[in-house]
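The chain that follows stands alone, in the form predicted on its own, written as structure tokens.
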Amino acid sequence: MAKKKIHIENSVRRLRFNNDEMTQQELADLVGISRQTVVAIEKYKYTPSLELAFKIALAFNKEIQEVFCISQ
């Protein structure tokens, strides 16, 4: 049986806007990544490491599952 690739969705863009319209650069600076990495995460072109996913969740004061989830 072939392994199905897991698709991970996120709510980073929504959380930024709900957090005083935080810019991509502000989030990038908070978690120590480039703005381009934030863009790639929001467009589902890049799945962050577990450590980075936790840093992003902490930046929004959210649990990791409130930011990232597996799409069925």
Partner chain sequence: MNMNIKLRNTLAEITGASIAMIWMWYNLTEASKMTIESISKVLAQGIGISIIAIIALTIVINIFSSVITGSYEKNIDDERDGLYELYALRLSSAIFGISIVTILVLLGWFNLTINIGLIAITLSGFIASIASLLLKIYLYN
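All of these numbers come straight from a predicted model, not from anything done at the bench. Residue numbers count along the first chain shown, from 1.
There is also a form predicted in complex with the partner chain; it is not shown, and the following applies to it.
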Quiz item: With the cut-off set at 4.5 Å between non-hydrogen atoms, does residue 44 touch the partner chain in the predicted complex?
Solution: no
Quiz item: At the 4.5 Å heavy atom threshold, is residue 15 in contact with the partner chain in the predicted complex?
Solution: no
Self-check item: Interface membership of residue 52, the partner chain in the predicted complex, 4.5 Å heavy atom rule
Solution: yes
Quiz item: Who in 31-65 is close to the partner chain in the predicted complex, meaning a heavy atom within 4.5 Å?
Solution: 32, 33, 34, 36, 37, 40, 45, 46, 48, 49, 52
